[in-house]
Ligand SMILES: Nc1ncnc2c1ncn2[C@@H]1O[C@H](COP(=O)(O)OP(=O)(O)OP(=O)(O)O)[C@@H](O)[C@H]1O
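Next up: a single chain in structure tokens, the form predicted alone.
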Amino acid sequence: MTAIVEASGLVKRYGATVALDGLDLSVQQGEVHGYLGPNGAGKSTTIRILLGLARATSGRVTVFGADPWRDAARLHRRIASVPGDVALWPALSGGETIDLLVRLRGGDVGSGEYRRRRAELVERFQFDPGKRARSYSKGNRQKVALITALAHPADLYVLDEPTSGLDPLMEAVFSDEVAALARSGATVLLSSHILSEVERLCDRVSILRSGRIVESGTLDELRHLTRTAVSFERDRLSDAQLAGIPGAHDLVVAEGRVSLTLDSDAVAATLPALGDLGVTGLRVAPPSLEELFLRHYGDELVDA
């Protein structure tokens, strides 16, 4: 596969503050890549560097094989982006803002295809393009950025917390649009703290901690790092039988059900043993992205 975004040993310092500390990131052509981390981990700094809005202190970074700092103007013709905090010209209407921003990306706002696509997105996002930007809520400002990004085709979509301020219905519309981008072969870098959103949409994920990538891969590749939850009815099983379940961790009996966890690579070996015990009401829940995230940030949550 071709790497659309490639960063190696990327460092960004703001005075004494280290925002990125040797970051390695690769986003492949045609994938939806989730970029995870809490506020302050370095997600937005990474995106600013990829868009040519900030210059790396050291390290190497390319987008479409070019330096985003030196070739920003050319690259932006191939990139659509949604910032985490959308600011608009207060005197322009939403529609005027969308058209202006698309023109800056080289789009033909007079074409029939653009007008059709813009009208479709306005309807889907239930957006009023006639109002002045000064009257828009945060959610409506976000819709301006989303419609702008989606109305004119791009090769790379860089989305920084794109559903911030949207209600659940609009989040569902956004998810549909990202799925359509994936089907079209576009590349998407999705920075988010909404784990369910990333798990639903992304082919691969990278987890950022203190300016470094601590895990990266497909969800299937990363799930071996967490445990699978298993539960079943206790029925007449003895304590000795439960204690003999191979590979079991955190075994608990409550309200007539047995709950335990298994290392994910041990599930296949343990299920036949449960079958031999004749367990009923068996439930197996694969580890979630949230569990993987908590593996790296759980200690900080406990401290908080």
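Computed from a predicted model, the values in this text were never measured in an experiment. Each residue number is its position in the shown sequence, starting from 1.
Although not depicted, the form predicted together with the named molecule is the subject of the following passage.
Comparing 61 to 69, 38 to 46, 246 to 254, 262 to 270 against the named molecule in the model of the complex, the single stretch with non-hydrogen atoms within 4.5 angstroms of it is 38 to 46. Contact annotation: E161 falls within 4.5 Å of the named molecule in the model of the complex, judged by heavy atom distances. The named molecule is not shown here, and in the model of the complex it never comes within 4.5 Å of any heavy atom of L23. Within this chain, H193 lines the site of the named molecule in the model of the complex, having a heavy atom no more than 4.5 Å away. By the criterion of a heavy atom within 4.5 Å, T280 is excluded from the residues contacting the named molecule in the model of the complex.
Interface residues of 16 to 30, taken as those with a heavy atom within 4.5 Å of the named molecule in the model of the complex (partner not displayed): T17, A19, in sequence order.
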